[in-house]
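Presented below, as structure tokens, is a lone chain in the form predicted on its own.
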Amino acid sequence: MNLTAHNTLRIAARADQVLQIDSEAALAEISQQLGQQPRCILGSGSNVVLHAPIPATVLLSQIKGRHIRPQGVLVAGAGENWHEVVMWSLAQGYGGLENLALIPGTVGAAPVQNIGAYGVEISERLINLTAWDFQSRQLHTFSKAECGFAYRHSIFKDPALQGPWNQPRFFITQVQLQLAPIAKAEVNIGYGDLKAAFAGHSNPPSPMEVADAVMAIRRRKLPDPAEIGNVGSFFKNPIISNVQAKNLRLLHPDLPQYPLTDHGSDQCKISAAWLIERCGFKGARRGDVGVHQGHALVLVNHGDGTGREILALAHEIQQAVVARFGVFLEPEPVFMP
């Protein structure tokens, strides 16, 4: 089966077998059927780089369903579209996810990556999640603390706990998030472009207004995967020591830096996009793959690009940034295989 439609980079990888997982009960049957055979998990493929072919059975996350309990607890199936759930929750009168609007992918993939944007991460809203354990062959509920959240990270990205890409232990089936009625919701507009969007406003914006601003910013800065293949931000913003950041700032006063209070006082985050752009890669092209002309953090597939070509370009960027700035860029997406 061709997986072009199941990854936002639009890479034409193939797999011998693809199974749609539309219920928790289906996982019990498939666990028995597959045994220890290689398998991998795909949501909408918005955070993966596929090679061809895929030597594993691909499990497509299709578990649907969403509702909000009276206490503001959003319960959503892992196969739900993340952005649709964000906008639906606002329409139901609940805020809390507005900063995360228009992020591509499924609900189940969101906590794996600990998605974040404009000062908010999903870990701040998560109560717990349910996942199928292929080892014990039963469902397990993980609290927020058990998920081991960090910047763009959770235990579901840790090979020591989750296993390799072709033998994942946990398949997320459901997520529960704590929201607040819009009348009582506290909006977060203190981050970068979002802060500028509401500069001069005398009253705090509503959650829906924040979502609208976030979507406008993302559409202005990031390419639509429906129009050109990409996985959004390809590299994480590096976290470095304050000493290294100070030295870089002396040489490059315009390098964006962001203090990290949750990492203590000795670390800060710097802009990966700035580093890549200063190395001359913004708008660069290598055959059918390249760096988006509007955002240096986004690698794109112009047509018939392959996973190997994307990885070669990513490696070229990493080497250039290390050579010039002494900073290593860590990729965000998962590579299969």
Ligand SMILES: Cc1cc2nc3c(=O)[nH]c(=O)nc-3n(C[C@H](O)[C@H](O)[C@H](O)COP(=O)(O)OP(=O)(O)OC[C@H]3O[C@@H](n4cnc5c(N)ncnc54)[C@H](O)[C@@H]3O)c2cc1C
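Given the structure is predicted, the values throughout are model-derived calculations rather than measurements. So that there is no doubt, residue numbering starts at 1 and follows the sequence shown.
Omitted here: the form predicted together with this ligand. The next part is about that form.
For the marked spot (A110, R152 and V334), a heavy atom within 4.5 Å of this ligand in the predicted complex is present in each of the three residues. A heavy atom within 4.5 Å of this ligand in the predicted complex is found for one listed residue only; from F142, F235, Y94, F170, this is F170. A heavy atom within 4.5 Å of this ligand in the predicted complex is found for exactly one of I115, L126, L179, A211: I115. Proximity to this ligand in the predicted complex, taken as heavy atoms within 4.5 Å, picks out 97-105 from the listed stretches 97-105, 193-201, 68-76, 246-254. Looking at I270, you'd find every heavy atom of it more than 4.5 angstroms from this ligand in the predicted complex.
P223 belongs to the set of residues with a heavy atom inside 4.5 Å of this ligand in the predicted complex. Although the partner is absent from this view, H83 stays clear of this ligand in the predicted complex, with no non-hydrogen atom inside 4.5 angstroms. Using a 4.5 Å cutoff between non-hydrogen atoms, S46 counts as a contact of this ligand in the predicted complex.
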